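We begin with a single chain expressed as structure tokens, specifically the form predicted on its own.
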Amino acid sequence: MQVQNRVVMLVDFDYFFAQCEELRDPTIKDKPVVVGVYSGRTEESGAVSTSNYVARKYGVKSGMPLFLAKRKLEGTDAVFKPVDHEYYDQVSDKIMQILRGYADAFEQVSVDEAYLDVTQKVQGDFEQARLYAQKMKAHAKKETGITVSVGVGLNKLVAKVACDSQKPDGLTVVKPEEAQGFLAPLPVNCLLGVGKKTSSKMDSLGIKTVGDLAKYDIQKLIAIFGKTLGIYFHNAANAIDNEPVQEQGEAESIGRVGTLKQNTRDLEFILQKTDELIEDIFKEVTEKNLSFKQVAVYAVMSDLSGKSRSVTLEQPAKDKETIKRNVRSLFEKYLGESKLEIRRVGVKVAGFSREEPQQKQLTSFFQIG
């Protein structure tokens, strides 16, 4: 019964990168603010990372090409900023430090999201959890100037959906007896793991809402999606999630991705970019005192198809030259196999010889570099 009495919070920093820019320059707060990842090819090439809610009213969304965002915001006093990870990390660290003080168990899942298990802090009382969350939100705002949204539920799954339901500066508390009723009318794609393809497949089966999924025969789900996913979808739709809130273990891999200034098949030109990425990776590997046994590369071709190749080393290594040598070799093979030009490249090291991570993360493959 202990699982049912858990009180879990998900804290999401509202439109975080754009809010950080508003914090740095309060004069832009009421204007459309767009933070973009610029590829460097032209002034407008790149994609939207985050936008504030003023920009969102004009239809600007994360992942949208910057030129399209600029078109949607024509005639406004919109402000476009490049991402400044160093600054955002500093603000994030301050907020995370505050949140840790409120948690029995804490799990940071990204630069702007964290789970807190507060069961003991609030004695399993959801009304007390509401007051506790209000206090925590006010504390974070006072110390950093950043607003956060909070979802409170009996587990991570419910807390996440609750948090997403009311933003910005939201607080949604879903008591255990309300959980299934809260989820039931929502579209199935509100559940982690239900992307476009899965959602479309479910739609063809007559499953449109979480409630539809909850009532669907579990054996049929297993037959269609396989045992692991079938059981997960059934449990998620019925608000069942026993995954603990816990600190993530060591990164499963360390990787970086970068866009080339032009599409190319010139190996030396490609390696100039991968050398930059390797410097970053090597710095992190050294700081964490890790050895690695796998080197991988990734390429996005001119037709936007993606390919990855990796090599496993005979002995663990921790030097930069081993990464460079294997990256060169892997890209030589690439170029021999395909006639297409390459537009985007990535490098990753993995197979660390330190202790295994406690939990695999879906997002561990690459970070944008």
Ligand code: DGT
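This one's a predicted model, so the numbers in the text were calculated from it and none came from an experiment. Residue numbers here begin at 1 and follow the sequence given.
The protein also exists as the form predicted in complex with the ligand; that form is not presented, and the subsequent description refers to it.
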Taking the ligand as it sits in the model of the complex, is residue 37 in contact with it (heavy atom to heavy atom, 4.5 Å or less)? yes
Hey, in the model of the complex, is residue 63 touching the ligand, heavy atoms inside 4.5 Å? yes
Using heavy atoms and a 4.5 Å limit, would one call residue 49 a contact residue for the ligand in the model of the complex? yes
Answer with yes or no whether residue 167 is in contact with the ligand in the model of the complex, where contact means some heavy atom within 4.5 Å. yes
Among 317 to 325, 54 to 62, 303 to 311, 338 to 346, which stretch has residues with heavy atoms no more than 4.5 Å from the ligand in the model of the complex? 54 to 62
Are there residues in 8 to 36 with a heavy atom within 4.5 Å of the ligand in the model of the complex, and which are they, in order? 12, 13, 14, 15, 16, 17
